[in-house]
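Starting off, we have a lone chain in the form predicted alone, written out as structure tokens.
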Amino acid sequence: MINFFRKKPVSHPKYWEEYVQSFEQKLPTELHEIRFVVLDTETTGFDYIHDRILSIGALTLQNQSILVSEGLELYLEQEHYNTDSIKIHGILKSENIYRISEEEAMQQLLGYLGNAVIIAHHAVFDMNMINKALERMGLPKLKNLVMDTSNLYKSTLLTSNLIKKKEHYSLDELAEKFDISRKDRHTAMGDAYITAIAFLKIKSRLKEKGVLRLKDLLKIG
């Protein structure tokens, strides 16, 4: 009997298939061998449906080193703009900067990410914005493992009846705690750099507490 209702296999572009194939290579077991990508997005707002990504900043972090020269900084063409959010990210619609389409930006980001472990501050927001962009292109969600520096930072704090841990810690609070310059705060690349330094300092503290494996970091973060 012929099944006329059999679904045809979904065809995805080559760059997505290459991204998926990168996960056939298993991650190293040693933390110093793992490639992390620290990223941040600047957006028109906080609505996953209506708002859009304006810029993406990403940095490779491996073996305690931030590879700034290998960073990825993208500005996206978007019709939707929110004048209120301009006060935060400072990206003007009329600004003379090189912009690419959302699809090209996602293609470059996927090529940069590969199977790296993603680090972001309040990562749920960035991941949802990126996944919504992929969804608009008819693509599945990101496959990468993800860690949130806000959650990781909380795990470094002492548990005490006198000190109540907050639900969330801002990137400004981490920058102040670790004495990190905020000169380029609220730019995607600037925030990615602050997050990368904060992650290294947090990881060092966690190492002192015996957190030495990727699975331990993922459980916390």
Partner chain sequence: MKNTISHRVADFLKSYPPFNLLGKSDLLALSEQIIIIYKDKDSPVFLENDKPHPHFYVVNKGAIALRVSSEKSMVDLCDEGDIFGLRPLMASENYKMEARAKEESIIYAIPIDIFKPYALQNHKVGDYLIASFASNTRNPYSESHRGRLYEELLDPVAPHTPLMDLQTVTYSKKLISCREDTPVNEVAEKMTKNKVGAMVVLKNKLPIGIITDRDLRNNIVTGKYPITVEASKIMVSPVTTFTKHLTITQAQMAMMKDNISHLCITKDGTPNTKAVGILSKHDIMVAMGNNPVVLIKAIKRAKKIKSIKRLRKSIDHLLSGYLEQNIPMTLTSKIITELNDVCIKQVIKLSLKEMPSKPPVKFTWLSLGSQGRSEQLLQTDQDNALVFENVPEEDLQETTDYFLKLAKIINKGLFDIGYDYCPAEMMASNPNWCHSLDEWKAKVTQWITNPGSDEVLLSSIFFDYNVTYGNKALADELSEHIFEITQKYPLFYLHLASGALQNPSPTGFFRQVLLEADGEHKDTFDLKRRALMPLTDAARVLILSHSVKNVNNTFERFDKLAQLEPNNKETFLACSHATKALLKFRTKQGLMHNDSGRYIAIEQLNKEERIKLKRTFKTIRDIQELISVRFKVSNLMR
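Positions refer to the first chain, counted from 1. A quick note: this is a predicted structure, and the numbers were derived from the prediction, not measured.
Unshown form predicted in complex with the partner chain; subsequent notes refer to it.
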Exercise. In terms of non-hydrogen atoms within 4.5 angstroms, which of the given stretches 126 to 134, 70 to 78, 139 to 147, 112 to 120 touches the partner chain in the predicted bound form?
Worked result: 70 to 78
Exercise. Do Gln64 and the partner chain come within 4.5 Å of each other in the predicted bound form, heavy atoms counted?
Worked result: yes
For this session: With heavy atoms only and a cut-off of 4.5 Å, decide whether Lys207 touches the partner chain in the predicted bound form.
Result: yes
Exercise. Applying a 4.5 Å heavy atom distance criterion, does Gly190 contact the partner chain in the predicted bound form?
Worked result: yes
Exercise. So in the predicted bound form, does any heavy atom of Glu33 sit within 4.5 Å of the partner chain?
Worked result: no
For this session: Report the residue, out of Leu152, Leu171, Leu54, Ile180, that has at least one non-hydrogen atom within 4.5 angstroms of the partner chain in the predicted bound form.
Result: Ile180
Exercise. Does anything in 130 to 152 come within 4.5 Å of the partner chain in the predicted bound form by heavy atoms, and if so which residues, in order?
Worked result: none
